[in-house]
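We begin with a single chain expressed as structure tokens, specifically the form predicted on its own.
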Amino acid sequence: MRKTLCILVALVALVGLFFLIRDNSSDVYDDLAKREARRESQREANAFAEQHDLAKLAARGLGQAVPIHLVSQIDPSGDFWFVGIESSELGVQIPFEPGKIPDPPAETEPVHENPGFLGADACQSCHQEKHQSFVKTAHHRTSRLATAENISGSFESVGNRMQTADENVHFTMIERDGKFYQRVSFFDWQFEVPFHLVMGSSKMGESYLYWHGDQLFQMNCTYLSEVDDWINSPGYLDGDAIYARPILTGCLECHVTYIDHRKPPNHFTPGSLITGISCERCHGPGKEHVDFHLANPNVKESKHVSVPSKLSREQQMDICGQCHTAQKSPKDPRGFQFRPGDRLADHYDPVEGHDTSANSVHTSNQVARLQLSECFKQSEMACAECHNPHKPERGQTALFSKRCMSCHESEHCGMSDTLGERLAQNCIDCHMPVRASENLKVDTAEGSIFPPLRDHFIRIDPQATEEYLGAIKGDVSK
């Protein structure tokens, strides 16, 4: 009996041990399954992150793949790729295949020989004082490389985002490893485009260009000084992401000293670029001049360059008219053929249908507007009578007013009794008012902006006078 009882106890213990082992094994199996599930989830998360980490993808020469629910196709022209979504009219235009990144600037030899342009720094050793002030002017700063010092817009977490009216589309300015990018978030797809060149002196703002091989394109986001913020580039529709607008020779002629044009519409030799509007665009290519005077240091008479002040007024105006006129296109697709003393009409064709006396994008069309003025018609004045191209004088209304007084008497002004001695301090805001131009419109998420431009049509303008008197009313009463 006792033996039987022992056997029963042993059997019960064995059964209990079996269930205990089974239960423990189940827990072990459950733990293993959970660990494997976690590892698989982590692998999936890592894969997702790898597919969406633009920096890591770019290091491999890749961009983020386009989600299958977005439309992705090359335009029938073959010039750009379009990415969109069927439920929206918004779209992306890029010159590189979606899922890839722009090619770096091409390292190619020039197609055409540089006609002798050197850039402003070649003038420094002999004209140090002029060079020192000239490099601060809007002319010199109208194009430059995209560095931290040269880009005015913010790349900080506050201020580096441009939101469109559509919550699914926004742009973020990114700095990574000392380089700068515009990151586009278009629904659930992202891509980046690098900043390469800054266009504009920052008076009104800056626009930006990037290289794709040997092609130059404009970027979607521009910086506007007036609001200290990122906006759509002029002519761009809010909500689109356009990075396939080609930069033509005619654009570059007003922003750079020289670049080698390879073929239409926007193929250039990146290494040939000389940024800024340098001394040579007014005096002519400087290589012969520099070579001669280095070899003949005792010769004081300037050789192999033009001196604009010795040219006729019409010739001087044509020098400025290379950029400060209505829209025009170069007759030679290579551009950069005009030389001081040439007739502007020999090198450029006007754009059909453009009013040559109207304010226009970028320049206020200063030459044609000035030529409407009685000051111009009744004198031999040219641009240099008011502007010293070697010095940064922007915004110095008292200085420009003093130059007005070299021809005018303050007591002859109809406001002399009201303003007294103050009159000579600011002729400019009354007679050359700042006006918004309908030809320069910028679309933003909040609506359209029309940045103001200084009008160079010198005239009696009752509205401008009233506005000026209202602005200084408090001071006048003192």
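The model shown is predicted, which means the values in this text are computed figures rather than measured ones. Note that residue numbering begins at 1 and tracks the sequence as displayed.
The discussion below concerns the form predicted in complex with ligand HEC, not included here.
- No residue in the set S88, R176 and I259 has a non-hydrogen atom no more than 4.5 Å from ligand HEC in the model of the complex.
- When you look in the model of the complex, the only residue of S309, S77, Q73, S157 with a non-hydrogen atom within 4.5 Å of ligand HEC is S309.
- Residue in contact with ligand HEC in the model of the complex (any heavy atom within 4.5 Å), chosen from T147, Q163, Q337, S379: S379.
- In the model of the complex, ligand HEC sits beyond 4.5 Å of every heavy atom of E97.
- At the 4.5 Å threshold, heavy atoms of G286 reach ligand HEC in the model of the complex.
- Within 4.5 Å of some heavy atom of ligand HEC in the model of the complex lies at least one heavy atom of I319.
- With a 4.5 Å cutoff on heavy atoms, V367 counts as touching ligand HEC in the model of the complex.
- Contact with ligand HEC in the model of the complex, defined as any heavy atom within 4.5 Å, is confined among 185-193, 164-172, 380-388, 339-347 to 380-388.
- Although ligand HEC is not shown here, in the model of the complex the stretch 293-314 places heavy atoms of H293, L294, V299, K300, E301, S302, V305, S306, V307, P308, S309, K310 within 4.5 Å of it, in sequence order.
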